[in-house]
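In the form predicted on its own, a lone chain appears below as structure tokens.
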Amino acid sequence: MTVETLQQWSAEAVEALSAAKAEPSWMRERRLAAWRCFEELAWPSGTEEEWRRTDLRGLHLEAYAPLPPVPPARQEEVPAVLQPHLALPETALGGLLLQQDGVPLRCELEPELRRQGVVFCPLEAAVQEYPELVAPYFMTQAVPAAMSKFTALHGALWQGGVFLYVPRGVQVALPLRALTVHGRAASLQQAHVLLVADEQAQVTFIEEQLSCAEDLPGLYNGVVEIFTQRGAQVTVLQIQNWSRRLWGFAYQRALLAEDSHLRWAVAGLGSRLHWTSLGVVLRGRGSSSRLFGLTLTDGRQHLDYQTLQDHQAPHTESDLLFKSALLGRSRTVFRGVIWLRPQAQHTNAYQADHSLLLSPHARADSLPILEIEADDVRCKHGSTTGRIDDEQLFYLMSRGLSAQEAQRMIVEGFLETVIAEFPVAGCQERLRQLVAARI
């Protein structure tokens, strides 16, 4: 690292950032504790199973600078380039939070939801206004700062993000949407999402990530923490469409309490390289989760998903389906772990990963892993990797389609089974548009 970068990455910089935001002492102390972890921990290496297939040698940290401190109340005009992204097709929203480079540009929430006690705001504002709701959860249980070098850096220098709290028994009928935008070249983006659904609450949360230009360089190091209390029903939909010159890293965990349910669907489309650790921890009896993933890559993109279905209680269920379509010299990695703890009796768990290679130079690695420590369970996995069937292409071309049209139709049909699992019409349409533009 250069001298200038070292000055930006220091305990003094952490304290200056916290002071500029006028944060309470508990957040400043957590930032400094995370920085101490960052100094002590080593960077991931190819000797670790989770990183064996993702090469970080091309990542030069000195090329990226942390975002400048911005007070949480600051508002700016929405740039024209973002105006088309503010609305989802055919979808009414209960709230919208737009942030660019950690700066809140728009924050809206239906008045009735506000009266019911729903909190949907920038995380910096929540730290100031709702510390009793944020402090018990922020990087203490789901994604501790000490989990890795990346999470420690995030805990020390995070900026931007979303806080969503749904009180006990409140059912949010319309989706709440957050739009996270990367607009500053060569910047370190570290947005943090914290979602807490209290007992018997119900909510759908949509997060879409994008860059202002396809060739905008950047580094994203994000964290998502989801907590569902007893009986809560939560749906989380994520669309990652960063610049092709952005390096991305994300640690995402959901902790599920008794009889709660999580539906989590993710789409990975952008980034030069993106490594994601996505895990669901079923801590409460009767909890369940359904995970869906979609990736579409081309060029030399590299997308790596490390998933975890961690069953820690009896009578729990989890189901996972990932699908990838690969063009060019791109590569995807799926390493999925199902872990059934000794106490997780009477559990059902399944995972499936399917990859469609659209180029002789593309590569898909699929590694399903089962760790079973209970003896009264049902646990299965499935994985396929292959190319488009020549007979399918021939049939479609014999009906008047060109080879490109036939391939596009097959790919769209292959991915549609996952797109349909995004239970919001606007998200489905957005994904269909993005897929069609790529193939």
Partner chain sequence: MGTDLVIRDLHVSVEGKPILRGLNLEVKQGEIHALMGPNGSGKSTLAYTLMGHPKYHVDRGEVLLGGENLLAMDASARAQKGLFLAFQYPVTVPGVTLANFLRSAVSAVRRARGQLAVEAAGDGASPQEVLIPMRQFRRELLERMRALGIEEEFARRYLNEGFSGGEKKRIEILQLAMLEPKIAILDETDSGLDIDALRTVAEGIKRLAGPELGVLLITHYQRILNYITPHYVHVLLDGQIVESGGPELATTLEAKGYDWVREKHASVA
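Positions refer to the first chain, counted from 1. The term rigid core refers to the maximal set of C-alpha atoms that superpose within 1.5 Å between the two forms. As the structure is a computational prediction, the values presented were derived from the model and not from experiment.
Only in words, not in the display: the form predicted together with its partner chain, which the text now covers.
Asker: Find the only residue in Gly382, Gly58, Gly413, Gly46 having a heavy atom within 4.5 Å of its partner chain in the model of the complex.
Answerer: Checking each option against its partner chain in the model of the complex, the one that comes within 4.5 Å is Gly413.
Asker: Which one, Leu67, Leu41, Ala63, Met397, lies within 4.5 Å of its partner chain in the model of the complex by heavy atoms?
Answerer: Here the answer is residue option Met397.
Asker: Which one, 29-37, 370-378, 401-409, 47-55, holds residues whose non-hydrogen atoms are within 4.5 Å of its partner chain in the model of the complex?
Answerer: It is the stretch 401-409.
Asker: Could you confirm whether Ala420 comes within 4.5 Å of its partner chain in the model of the complex, counting heavy atoms only?
Answerer: Yes - in the model of the complex, heavy atoms of Ala420 and its partner chain come within 4.5 Å of each other.
Asker: Can a Cα shift of no less than 2 Å be assigned to Glu391 between this form and the one not shown, given superposition on the rigid core?
Answerer: Yes: Glu391 shifts by at least 2 Å between this form and the one not shown.
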